[in-house]
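Read the single chain below, which is given as structure tokens and is the form predicted on its own.
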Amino acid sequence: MPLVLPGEQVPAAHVNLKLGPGLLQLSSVDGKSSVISTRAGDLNHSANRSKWWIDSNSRRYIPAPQESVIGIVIARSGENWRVDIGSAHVASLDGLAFEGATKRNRPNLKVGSLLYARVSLAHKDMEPELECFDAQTRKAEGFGELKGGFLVNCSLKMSRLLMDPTHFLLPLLGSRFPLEAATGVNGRVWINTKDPRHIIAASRCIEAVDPDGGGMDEVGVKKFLSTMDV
């Protein structure tokens, strides 16, 4: 994970290139394009090098297209909902942006409802827009309203760590007790278990592993769990 500074050129190139936070694609007069960094941080990319982003200590989430986020419905505006995703601007969610939704059949969301959604539009001069279905399949694929459970806030870096399938924490917790979880890259994690003690244990472990908190490793988490009644 090389460290990059604002204005540095990044070797991001792929047929299906997707740029995340901290990167900007520029086009020149001769038709060539280049990617530069807009913030200081660690440069990361997916295994197939199609997705690139910069991890930094930013406290506020900056939306990027195709990212999964957890939002809180704060108001209804005509046929749309206004959703807080922790960014500088409130996001907009169309009433038809759900699998199988029609004008007569759409979700009945309330103020305070939690949503697992995908950023469909993100631009620095416009409000972000959300959708609750997969862009390719048009199926829900886990997106939609999150019922029950508990919302844990963490650092943006921690949320990206949890979205890495090789990270130890969620599989470790899942081996101890049945667990449902949804992670948004906007620093929010939704946890649902049948036993409230397990929700408390999971949330305390997330806080302990968070680099902005204790930064605890796998061995430390196992010892930590052994001190709790789970």
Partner chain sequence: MSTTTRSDGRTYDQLRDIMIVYEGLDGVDGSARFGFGQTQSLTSVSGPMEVRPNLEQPSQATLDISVRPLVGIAGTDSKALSTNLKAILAPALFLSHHPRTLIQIVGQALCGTESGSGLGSVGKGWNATLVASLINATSAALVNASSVPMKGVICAVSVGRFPSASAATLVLDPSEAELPHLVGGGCFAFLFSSALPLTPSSPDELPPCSLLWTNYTSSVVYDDTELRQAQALAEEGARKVWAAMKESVSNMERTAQCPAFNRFKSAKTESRVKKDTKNLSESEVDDDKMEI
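Fair warning: this is a prediction, and the values are worked out from it, not measured in the lab. Residue numbers count along the first chain shown, from 1. Take the two forms, find the largest set of C-alpha atoms that superpose within 1.5 Å, and that set is the rigid core.
Keep in mind the form predicted together with the partner chain is missing from the figure; the text below concerns it.
Is residue 230 close enough to the partner chain in the model of the complex to count, meaning some heavy atom within 4.5 Å? Because no heavy atom of residue 230 falls inside 4.5 Å of the partner chain in the model of the complex, the answer is no.
Wondering, does residue 218 line up within 4.5 Å of the partner chain in the model of the complex on heavy atoms? Answer no; every heavy atom of residue 218 is more than 4.5 Å from the partner chain in the model of the complex.
Does the partner chain get within 4.5 angstroms of any non-hydrogen atom of residue 138 in the model of the complex? No - in the model of the complex, heavy atoms of residue 138 and the partner chain never come within 4.5 Å of each other.
Close approach of residue 192 to the partner chain in the model of the complex, 4.5 Å, heavy atom: Taking the distances in the model of the complex, the answer for residue 192 is no, it never comes within 4.5 Å of the partner chain.
Three-residue site 9, 26 and 37 fully in contact with the partner chain in the model of the complex at 4.5 Å by heavy atom: Per the other structure, all of 9, 26 and 37 touch the partner chain.
When the partner chain is placed as it is in the model of the complex, which of 43-51, 65-73, 201-209, 172-180 ends up with heavy atoms within 4.5 Å of it? Selected range: 201-209.
Any residue of 153-181 that, in the model of the complex, places a heavy atom within 4.5 Å of the partner chain: Going through 153-181 in order - heavy atoms within 4.5 Å of the partner chain in the model of the complex - there is one hit, 157.
C-alpha of residue 24: shift of 2 angstroms or more between the shown form and the other one, rigid core aligned? Yes, its C-alpha moves 2 Å or more.
Would you say residue 179 moves between the shown form and the other one, meaning its CA shifts by 2 Å or more once the core is fitted? For residue 179, whose C-alpha is compared between the shown form and the other one after core superposition, the shift is less than 2 Å.
Superposing on the rigid core, does the Cα of residue 201 end up 2 Å or more away between the shown form and the other one? No; residue 201 is a residue whose C-alpha shifts by less than 2 Å between the shown form and the other one when the cores are overlaid.
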